[in-house]
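Next up: a single chain in structure tokens, the form predicted on its own.
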Amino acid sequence: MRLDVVLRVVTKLLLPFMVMFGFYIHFHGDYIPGGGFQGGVVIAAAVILYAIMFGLDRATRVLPVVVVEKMVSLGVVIFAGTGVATMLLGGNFLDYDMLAADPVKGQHMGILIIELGVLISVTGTMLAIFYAFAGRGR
């Protein structure tokens, strides 16, 4: 029996919890330390762990390079789009109070949307850097 079988099984067991923990950090960034950046790094680390254990080819089949590159710009578009939306609603750039009738709900909604953009962009950036370095020399 090869030793990497144990590591692969443990990796398969850990991956869903790592991704779930990344989203937990994102959604509870208002109340605990964390947010989109930290959640994005944890999610990217899960994909990187998968690539280390099962190979870069399998990881790029799960999350292709094209998707990763689009994630980087999608996060920026979500971030900037939220700011522009608040301006179109009559407020200043990133004035979250404009997003809902209740300013408190608008603040929560704005932070979640902004942090989602950061999470997507950070995950894409971390994976793009990893794919670039891991794919060197191929």
Partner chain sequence: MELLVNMVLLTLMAVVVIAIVRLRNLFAVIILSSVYSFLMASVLLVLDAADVATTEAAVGAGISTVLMLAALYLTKTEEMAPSHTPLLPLFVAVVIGAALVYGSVDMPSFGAADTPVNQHVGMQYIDRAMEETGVPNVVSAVLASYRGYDTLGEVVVVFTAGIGVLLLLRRNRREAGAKRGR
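These numbers come from a predicted model, not from an experiment. Numbering follows the first chain given and starts at 1.
Separately, the form predicted in complex with its partner chain exists; it is not shown, and the next lines address it.
In the predicted bound form, its partner chain sits within 4.5 Å of a heavy atom of Val104. A residue is said to contact a partner when one of its heavy atoms sits within 4.5 Å of a partner heavy atom; Gln38 meets this definition for its partner chain in the predicted bound form. At least one heavy atom of Thr125 is located within 4.5 Å of its partner chain in the predicted bound form. Taking non-hydrogen atoms only, Phe27 never approaches its partner chain to within 4.5 angstroms in the predicted bound form. Each of Pro33, Val42 and Val72 places at least one heavy atom within 4.5 Å of its partner chain in the predicted bound form. Distance criterion of 4.5 Å from any heavy atom to its partner chain in the predicted bound form singles out Ile111 from the list Met53, Leu63, Ala85, Ile111.
Out of the listed residues Leu89, Val67, Val76, Ala100, Val76 is the one that sits within 4.5 Å of its partner chain in the predicted bound form by at least one heavy atom. Residues from 86 to 104 that approach its partner chain in the predicted bound form with a non-hydrogen atom closer than or equal to 4.5 Å are Phe93, Leu94, Tyr96, Val104, in the order they occur in the chain.
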